[in-house]
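Here's a solo chain for you in structure tokens, the form predicted alone.
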């Protein structure tokens, strides 16, 4: 018996059996591995939803569900259409991948109690690459993991378990088609994943993911020719280094046929890279790209590159500028099987950041958006923080790049610049906890990322409601209550943490809880510069110049206090505490009010949750209740620490006379 739950694929029994007739018999002429996965899923769902055993019929006229391949359909490799015709459901696709995705879509619709009688839908994924990045370490720990230990590794060994199959099912059901299975910080033995030590187990895992249309990627150490091969250097332009990688890739792709390629973090936060040899990122990425190209492989190269040895006294150097400064001069110099993976903002997954200016800036280079499902800076799966609204804001951001389709969603889909290798990636939030994500409500972020990567036009409201129906309750009143908690949670979290885009007022290293000056005199470049008169960083044209990395449409907004969106005011400007916001409040009063309001709204969310007792599964109710107890304490601490910090800096009292320490 497994010790983990089935999340949104629990397929809880349905009282209304009107759709049962479609699942008594299924017909298909296809026998490929992906269709076999689809048929297994139909069998599992029918048993749980309707307490019936599906027959695989030999006569299509007697079947209620028909899976049909038609290469002439203009649906691409992964698209599908689902229709009801003559009291039968047809799932049609041009390729098996589409049949599998269509099967999961139908089952999720039935399980979430959506109407399928008369159904007629046609869906093609917007983004070619839809990928999860696991930050799992080979010792079984997970960097920025908040849901237990890894189910991929333990004590230096690769684990092959049935849980990985269930994980593949969950990911495929929401449209994920790629996964990197180890931490981008490749160390402490993980360097040896690309060796005979681990090929046997990795081949088995690769095979599991292949059955669900998910390509497997490995994160590699750029210095592997030295650490594994015994070479004297890892210079990407040296012939012996190129030869080593070519032979190694032949070995890897020969043993792991479902390999998609490599994800690389280089010259970032101490990781080795081409800079050591006077080379640039294109030199490093292209060398690897040519080694994997004979096997159809892709190199995904992270753009999270900045000076992590900054002198805090230096007011001109700006970490926010680093990604653009490093990669814009290289636009068009990367091979066609390289993708640059760019974080949603220029700092590091804060609850509020401007969209990265590389989106729209890079016009001749494959690129994909990187977000973080793991809540490193957004509550660590202790505090509820539904992130889909944030991701929607990023996707809908108009870059002003001069093309008719200029949003981030347009760019990463390939529509804007005619690219084929592009998409979305996310740092996963999963672990060995029974519910996969630590906080039950954090499951909405994992589910939501997959749905949004496949279909960015979906709203945060639609995704939340669908997930709640699948994983917690189909009751409409319960759905509304939990949706309300989720949909306001990011705004609430933002209110009681770092104000108006300033970010990074967290405890160093583990990043949970408030510490306004924890990073203020450090090497990491995450400063707020608060003193007795003002707070914020001047990133305008007269400051660090970061605002000028945007096209004029956005630069014109960001460079002036009066036009800058107020939720980013302190990110772009140094602002006196007496400055009046559009609300008429002073900056300091806004800080006081928002932090008190944030804590009060957490108390209200806690009360709203407690009203659900007896109306949802008790184990879910109790687990989330415990998290709310901790979130109430955390929001109180944030409120008191941040307000006291700014009061002691400014010595301006709260107009409402509330207690500030």
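All of these numbers come straight from a predicted model, not from anything done at the bench. Numbering follows the first chain given and starts at 1.
If you look for the form predicted in complex with another copy of the chain, you will not find it shown, but the lines that follow are about it.
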query: Listed residue (276, 159, 533, 434) with a non-hydrogen atom within 4.5 angstroms of another copy of the chain in the predicted complex; finding: 533
query: Single option in 529, 480, 187, 200 placed near another copy of the chain in the predicted complex, where near means a heavy atom within 4.5 Å; finding: 529
query: Contact segment among 607-615, 32-40, 52-60, 630-638, judged by heavy atoms lying within 4.5 Å of another copy of the chain in the predicted complex; finding: 630-638
query: Any non-hydrogen atom of residue 313 within 4.5 angstroms of another copy of the chain in the predicted complex; finding: yes
query: Contact of residue 648 with another copy of the chain in the predicted complex (heavy atom, 4.5 Å); finding: yes
query: Contact test in the predicted complex: residue 17 vs another copy of the chain, heavy atoms, 4.5 Å; finding: no
query: In the predicted complex, residue 393 touching another copy of the chain (heavy atom, 4.5 Å); finding: no
